[in-house]
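In structure tokens, one chain follows: the form predicted alone.
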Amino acid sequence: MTPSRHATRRSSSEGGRSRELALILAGRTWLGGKIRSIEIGIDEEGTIRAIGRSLRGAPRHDVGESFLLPSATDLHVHFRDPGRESDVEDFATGTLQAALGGLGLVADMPNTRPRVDTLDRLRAKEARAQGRALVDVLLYAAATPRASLDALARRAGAFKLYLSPTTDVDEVPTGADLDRLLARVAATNLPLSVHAEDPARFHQEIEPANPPDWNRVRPVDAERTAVDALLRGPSGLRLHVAHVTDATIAGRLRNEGASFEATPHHLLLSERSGDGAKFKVNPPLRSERRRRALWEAFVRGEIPCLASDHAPHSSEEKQRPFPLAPSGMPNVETMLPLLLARVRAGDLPLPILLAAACDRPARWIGQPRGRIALGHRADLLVVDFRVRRTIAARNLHAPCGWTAFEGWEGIFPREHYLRGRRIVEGGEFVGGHGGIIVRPEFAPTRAPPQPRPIAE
């Protein structure tokens, strides 16, 4: 869409009705292939109703030289709610970090205690999120052979399948059981995210003492064979492969038209980035050569989605002997700021980041957000690329109290609007418990292989 020169207070909407604009945001953004000055008109329900150069008829907030960007969608978080007494995260703390990190929607995984594999457990998790979430939440249900997928599909936002043991997951389907399960999920028409590692390829004889050892225990070949099995699944499956760590596997998925994601830690950290269990994740951090190849593929726009795989554990748990320490690291507050800093440094094109962090994840789960476009949610960020900050755990909001990116540079949103209402101002949370539970609103789509325009 080309911005109009003028737009009045009343703007067209669905069903032939018109709605009053409640707020106009003015600033700069990426639009039509270049940086432009624009104004965004937002109605009372928090929907973008006008985009132009000079809007009228509502209070106007000019952010000056700062950028107006869509909020991000994170397809992969573990808030551990409900969980064990030792778990340090819940919906309130997790969504606070998301709000401050520029995420308007987070999709929470089902490997909690208890696992979300029944309708009653899903309803119980909904009740825990209601009134506590500060940003919007989509809830995954666990895809297991014994789960009632049809019942779960009527309330869940997506399914998650684990092909290898990981935190709170011990049994995984194989062979004919996996084939039948994939067909059952495909019949629900809900998206399916998969942790794709083949445990038959793990080297259990190795006693790991550090991240390089962990990389040898769970090698790239385990990912490759798991992905091969998934790509033999039914054609109607809305497949998404989580935390891909290798550029050749990414290329295979891309060629098959499948959706997939990479995480900040696999893009920015290697097996030599740290010695202790704080750098233990599943799948493992890879060699610097593989990390660099994955990063270069991301910069070229060949990786559809960015996701945090936010999986925090306390410092005490991470100080256990390496084989016994849990896998995972906090990422939800720092994911977007880390990558915005790479944009500022000239290492990453802004439209590539916006497509991977905002547009495509929202499309995959059928949500009208992630773009500055008419009819989309007015989930928006104000970002000043001139203001950079050194990341330090003491200044973050993760209850675990640590970050693998200590000392890195980040650019954090100055303001964050959720459905047109400001929830972050001056880098501080000023909103309420306004997050809601969402499900796909239109047919979820596979992530397109090339970046789409951020605004139309």
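We number the residues from 1 along the sequence you see. None of these values were measured; they are calculated from a predicted model.
The same protein also exists as the form predicted together with a small molecule; that form is not shown, yet it is the one meant from here on.
- Heavy atoms within 4.5 Å of the small molecule in the predicted bound form belong, among the stretches 203 to 211, 74 to 82, 363 to 371, 93 to 101, to residues of 74 to 82.
- Among the residues Val281, Val137, Leu339, Val244, the one placing a heavy atom within 4.5 Å of the small molecule in the predicted bound form is Val281.
- The contact with the small molecule in the predicted bound form, taken as any heavy atom within 4.5 Å, belongs to Ser327 out of Ser327, Ser287, Ser273, Thr188.
- Although the partner is absent here, Asp108 is not a contact residue: none of its heavy atoms lies within 4.5 angstroms of the small molecule in the predicted bound form.
- Under a 4.5 angstroms non-hydrogen atom cutoff, the small molecule in the predicted bound form lacks Thr144 among its neighbouring residues.
- Taking the partner from the other structure, the small molecule in the predicted bound form has a heavy atom within 4.5 Å of a heavy atom of His195.
- Residue contact with the small molecule in the predicted bound form: Asp379 places no heavy atom within 4.5 Å of it.
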